[in-house]
Ligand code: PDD
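Okay, so here's just one chain, in structure tokens, the form predicted alone.
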Amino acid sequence: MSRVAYVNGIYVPHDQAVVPMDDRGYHFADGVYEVFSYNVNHVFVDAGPHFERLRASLAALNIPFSLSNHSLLIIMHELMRRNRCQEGFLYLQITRGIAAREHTVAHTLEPFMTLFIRPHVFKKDPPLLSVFTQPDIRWKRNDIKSIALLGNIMAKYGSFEQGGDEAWLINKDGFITEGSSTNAWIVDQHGVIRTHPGTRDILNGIVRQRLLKMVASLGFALEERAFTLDDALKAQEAFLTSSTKGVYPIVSINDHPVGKGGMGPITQSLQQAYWFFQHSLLQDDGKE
């Protein structure tokens, strides 16, 4: 069975899905997106927070969007059904709409929405990852989940070329902000879990938000406080989070082993807690 995509109100074969030449997303990356994980119970994990962030991103770009969360979930579930997808990801993208190529246009354009899926089997045992640091050259509103990801891609390529799985970005003040497509965490020398605060310098990941609650419930010490490369190299443990990965351990940074070079006990506790949460959900949230 061929894959099916959703293009502005129509379900079409994925290989026939196209967007107009004058789409603002194509010309200017004038749009936003979200990635939802879909579990074996046919539930979109943390759909409510994803919708909340989606609408915050749209509002920040002044893109009007009137479709309700309930209507979005109907479309999303129908797309998964048509693809016979048992487990995986759904990518939702909304651009400002279709207009002649001008930098400024009326804010009354009709937004253009596309969705596609990517089947994926979530494995209980995470891989051990390595990261390399790269300069954070992105813009100043990383809290918006924009489709403009060139800085992120350049950083990830820079890490891949050195044999890394992910890039951790260092800003002009010497602090690690986040990964190119993930949030960054360490367990410092004192056993305190640290991650960059949820400012405009980072994308406030949905798994990040969920994990902050889990850390508190599990009784671990936590500080939302930026850390440097030196802090990371001295850390007992390090890990990353994202909707496409959950919680993955980092075992080396710039070819320097982290801790004992394996998944540490705190990372393992958090990884298992998130895994159980992700796979035990039986109902969508965020329907309004």
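Please read all numbers here as calculations on a predicted model, not as lab measurements. For every residue, the number given is its place in the sequence shown, counted from 1.
Absent from the display: the form predicted in complex with N-(5'-phosphopyridoxyl)-D-alanine. The rest refers to it.
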{"property": "N-(5'-phosphopyridoxyl)-D-alanine in the model of the complex: contacting segment from 27 to 35, 66 to 74, 228 to 236, 254 to 262, heavy atom within 4.5 Å", "result": "27 to 35"}
{"property": "Single option in S130, T114, N152, T133 placed near N-(5'-phosphopyridoxyl)-D-alanine in the model of the complex, where near means a heavy atom within 4.5 Å", "result": "N152"}
{"property": "G97, heavy atom within 4.5 angstroms of N-(5'-phosphopyridoxyl)-D-alanine in the model of the complex", "result": "no"}
{"property": "is_contact(L211, N-(5'-phosphopyridoxyl)-D-alanine) in the model of the complex, heavy atom dist at most 4.5 Å", "result": "no"}
{"property": "Interface membership of N39, N-(5'-phosphopyridoxyl)-D-alanine in the model of the complex, 4.5 Å heavy atom rule", "result": "no"}
{"property": "In the model of the complex, R138 touching N-(5'-phosphopyridoxyl)-D-alanine (heavy atom, 4.5 Å)", "result": "yes"}
{"property": "Contacts with N-(5'-phosphopyridoxyl)-D-alanine in the model of the complex - residues in 197 to 233 whose heavy atoms fall within 4.5 Å", "result": "L203, G205, I206, V207, R208"}
